[in-house]
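Given as structure tokens, the chain that follows is alone and in the form predicted on its own.
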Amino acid sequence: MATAVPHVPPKQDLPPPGGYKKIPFAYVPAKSYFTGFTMIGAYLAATIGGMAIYYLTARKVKRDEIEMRSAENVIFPILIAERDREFLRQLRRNRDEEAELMKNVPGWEVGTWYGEPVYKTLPEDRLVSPLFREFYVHSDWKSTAKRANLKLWS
């Protein structure tokens, strides 16, 4: 048989004696570290300092741009000449490769079609620029594809 539990009256949650503290609802302004004039002065000082640094940096950047543009103007003709020399060297390599490949074919003359000139109306000393595929005809596929991609995207 179960033992009887003594009856304890429930304890009610009541405010402490004397009541709760008052709820602070009055406006408490934030502590100000700077006055309005101080903040305006700091803003002006930062702006003037930034403008001075920007001006000095802009002068240096402009001077560097002028120097680079001058260097490009000086080196540009040299680069064009080197490009043209390499173009002519590749044409010579193509002709030499054609001569090597077709040396056993009777009646084959390099630069002609079985002795007939390809361009009959042009003088012999006139250079006709080859098509892209003709220029890279003896190159490996990888370098031809790389150049084709560059040519198509430029």
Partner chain sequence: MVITSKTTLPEESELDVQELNLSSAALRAGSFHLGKQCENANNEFMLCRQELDDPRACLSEGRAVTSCAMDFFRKVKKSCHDEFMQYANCLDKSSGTMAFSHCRKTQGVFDKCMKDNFDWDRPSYGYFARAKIVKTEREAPKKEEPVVYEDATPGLPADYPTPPAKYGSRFFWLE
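Residue numbers count along the first chain shown, from 1. Whichever C-alpha set is largest while still superposing within 1.5 Å between the two forms counts as the rigid core. Note that this is a predicted model, so its numbers are computed, not measured.
There is another form of this protein, the form predicted in complex with the partner chain, and it is not shown here; the text below is about that form.
The closest heavy atom approach of residue 128 to the partner chain in the predicted complex falls within 4.5 Å. Although the partner is absent here, residue 100 sits far enough away that none of its heavy atoms falls within 4.5 Å of the partner chain in the predicted complex. The closest non-hydrogen atom of residue 119 lies within 4.5 Å of the partner chain in the predicted complex. The shortest heavy atom separation between residue 70 and the partner chain in the predicted complex is within 4.5 Å.
Contact with the partner chain in the predicted complex, judged as any non-hydrogen atom within 4.5 angstroms, is confined among 37 to 45, 109 to 117, 22 to 30, 50 to 58 to 109 to 117. In the predicted complex, the partner chain lies within 4.5 angstroms of at least one heavy atom of each of the following residues of 70 to 87: 70, 71, 72, 73, 74, 75, 76, 77, 78, 79, 80, 81, 82, 83, 84, 85, 87, in sequence order. Positional change of residue 72 between the shown form and the other one reaches 2 Å or more at the C-alpha, relative to the superposed core. In this overlay on the rigid core, residue 93 has a C-alpha that sits less than 2 Å away from its partner position between the shown form and the other one. Put the two forms on the same core and the Cα of residue 58 is off by 2 Å or more between the shown form and the other one.
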